[in-house]
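Next up: just one chain, as structure tokens, the form predicted alone.
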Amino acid sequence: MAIKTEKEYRERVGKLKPRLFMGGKKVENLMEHPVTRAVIDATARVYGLTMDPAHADVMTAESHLTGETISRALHIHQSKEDLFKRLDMARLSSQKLGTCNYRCPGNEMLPSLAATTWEIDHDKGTQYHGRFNDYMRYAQEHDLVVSGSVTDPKGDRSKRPLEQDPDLYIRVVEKRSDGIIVNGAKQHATGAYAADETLVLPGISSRAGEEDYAVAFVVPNGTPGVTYIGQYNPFSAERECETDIRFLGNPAYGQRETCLVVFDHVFVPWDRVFMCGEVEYTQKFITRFAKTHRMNCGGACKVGFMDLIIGAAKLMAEYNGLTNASHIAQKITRMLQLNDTSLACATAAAYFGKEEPEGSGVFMPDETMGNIAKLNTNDGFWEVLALAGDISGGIPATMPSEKELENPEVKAYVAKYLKAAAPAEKRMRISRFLQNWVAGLHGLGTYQGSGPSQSQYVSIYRVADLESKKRMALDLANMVS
């Protein structure tokens, strides 16, 4: 069976030596640094879920290439049922981790690569799809963590790549007989330094003359010329300084960790190159990734997060002695409505999914419903956070450290004055958990991840059949179109 254990992943990642900087310092050991260790722990937990027979139906699939049982994180959707299972996987992972599962972006690039390499080969007689399938067999056999990022730094958004520093978008700087040399960077790469491989897709719809930017490839972690620069914020500093993770908001798995990945004259062999110069297909790569990512990341993944937030808010209300308060029930119900609306739209995206392009064998979610799922989540997630903050009161922002409960000089005061319908220990712990959400990075991360609302507006309007709606109105108004 081509599925590895949690222990095997930890042994593998322990050997990685990425060139990684975080908080102004070089990270020498991924397993020892408190921030990177949390990424490893979260990723390892996904391996554990995959090996759990109780979750096998959701977390595993049958490879269409080898017939073996593989992780669903490395599966190419072959049916609507696969799309539904992918939704379930995203929600389950979020519920169990309270942070990114770190196999999501790469997983959602794979169907785009499968579909678009097939189409390029079909149209142009190239060999990208065969290369990609060979790579998939390799990744599935070793059950690799494949990270990925689409977003380029972009620089001045009013300028095209060739009108400014050319490295602000990933580009080919040299073609050789054995491969290509690339320069540039990718932003928001989720957990890339703890992944086995990093996938790169074009981040812009290229035009004639921009062929060097029409490139897709994958490189192993630690490839010469690749530098990872980790995000760093107050939550990062807190985890780095805290010696006892019990007192953190999400003790085991922390916040979602991303990085800027810099490519400085990086060599990529041809067997790892899946597009090189075909500008007319760049938009298809982006759109196919986006529709899958918005269904899963924008829909089901954040539904799993909202499940946690709603549960914590309900606990906080009970701890505050407001179990039967009607206004609390109303707010919880509104949170449930927002949560289930996002899930319904994501489910509809899977239900209306279809093979794309025809003959490829790859199933894609419905673009409109996937974008609507993400658009609903953009607004709904903010409101769920606000309602959770309202229910919990000011304590997640102003609470003393839970360590004061172990401080002999003040523990009696804290235990006395912070208790309510539940002991201070429970109330403070769930407050700290809620702080991770309502005063953390998840609101902005959810809004911007897989594209801000404007991206969804553009996509929905672009694919809408407005002409048929106009004809309906004209017919009933008894007008000639």
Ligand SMILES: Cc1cc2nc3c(=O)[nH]c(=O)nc-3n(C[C@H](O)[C@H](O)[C@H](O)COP(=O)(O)OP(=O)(O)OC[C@H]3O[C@@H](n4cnc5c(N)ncnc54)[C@H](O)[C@@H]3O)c2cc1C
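Treat the numbers as computed from the prediction; the structure is a model and nothing was measured. Residue numbers here begin at 1 and follow the sequence given.
FYI, the form predicted together with the ligand isn't displayed, but the following is about it.
The candidate spot formed by Arg157, Ala189 and Gln454 is fully in contact with the ligand in the predicted complex: every one of the three has a heavy atom within 4.5 Å. The stretch in contact with the ligand in the predicted complex, judged by heavy atoms within 4.5 Å, is 144 to 152, chosen from 377 to 385, 86 to 94, 144 to 152, 315 to 323. Looking at Arg103, you'd find every heavy atom of it more than 4.5 angstroms from the ligand in the predicted complex. Looking at Asn339, you'd find every heavy atom of it more than 4.5 angstroms from the ligand in the predicted complex. Interface membership of Arg171, defined by any non-hydrogen atom within 4.5 Å of the ligand in the predicted complex, is ruled out. Among heavy atoms of Gly445, some come within 4.5 Å of the ligand in the predicted complex. Checking Thr258, Thr99, Thr117, Thr282 against the ligand in the predicted complex, a heavy atom within 4.5 Å turns up for just one residue: Thr258.
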